[in-house]
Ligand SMILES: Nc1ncnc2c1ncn2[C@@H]1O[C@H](COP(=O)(O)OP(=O)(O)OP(=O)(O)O)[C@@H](O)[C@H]1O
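What follows is a single chain, given as structure tokens, in the form predicted alone.
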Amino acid sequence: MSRKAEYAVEIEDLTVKYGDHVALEDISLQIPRGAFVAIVGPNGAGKSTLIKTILGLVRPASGKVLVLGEPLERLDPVRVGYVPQFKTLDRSFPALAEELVVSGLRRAWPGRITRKEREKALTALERVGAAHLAGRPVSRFSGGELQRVYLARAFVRQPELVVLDEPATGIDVLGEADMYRLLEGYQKQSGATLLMITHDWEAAYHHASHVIVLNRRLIGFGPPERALSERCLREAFGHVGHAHTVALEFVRGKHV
């Protein structure tokens, strides 16, 4: 099997610095195609830096990164979808949902939407159960509705890799469960690889096929039951307090 077919992301000896600050140090890992990967670690661990590097937004100090078998400078951005944690669109801006989705097609805000673009936007919105929102202003959306539209924006180009930064932020428990159902449905239909930052260890354990435990260095990587071990979590977080203990008990099958 070719390298391109086997791995969605390959990282070798990656170090990233901001001035004198080392954000990531000597990271090496291979993410299989079709995996659902959760990235966990304490604040300041380099989680966002890792996905920004994979997206080509941050230049490494050293090391090599291949995404979908390509060096970042040769990667077609159409092959990658991104759902940010913080939605930077001004909610008072008179934008419609379909316009936001089409901006994912164009990688720029559309002045006028073509019929073909509208059809693609409606298909993407329908995929996430939000076709009824197409002509509505985003200023009126709940957190869950807005997240659906951003998922449609990421899915509209049918990417092979979808990167999500804290996708559950700002949505309620029911909306979160629905979001994971949509992500898993897209993955099943497309065979895409999903890469997600999360602080929710339970979500990582339930939904991810692989977990990256990070604290500037790679602490653990593998199936959730192995990566979310007491040793890895203690090394990453430095202690096991109440919240950590609950997560550890859940991982061990004691949480009811």
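What you are looking at is a predicted structure, and each value in this text was computed from that prediction instead of being measured. Numbering starts at 1 and follows the sequence shown.
Omitted here: the form predicted in complex with this ligand. The next part is about that form.
Novice: Choose one stretch from 48-56, 185-193, 227-235, 204-212: the one whose residues place a heavy atom within 4.5 angstroms of this ligand in the model of the complex.
Specialist: Only one stretch qualifies here: 48-56.
Novice: Only one of E126, E145, E166, E176 has a non-hydrogen atom within 4.5 angstroms of this ligand in the model of the complex; which is it?
Specialist: After the contact test, the surviving option is E166.
Novice: Which one, P60, P32, G222, P42, lies within 4.5 Å of this ligand in the model of the complex by heavy atoms?
Specialist: The residue from P60, P32, G222, P42 that makes the contact is P42.
Novice: With a cut-off of 4.5 Å between heavy atoms, is K64 one of the residues that contacts this ligand in the model of the complex?
Specialist: No, K64 is distant from the partner.
Novice: Looking in the model of the complex, any heavy atom of A23 within 4.5 Å of this ligand?
Specialist: Yes, A23 is a contact residue.
Novice: Is there a heavy atom of R217 lying 4.5 Å or less from a heavy atom of this ligand in the model of the complex?
Specialist: The answer is no: R217 has no heavy atom within 4.5 Å of this ligand.
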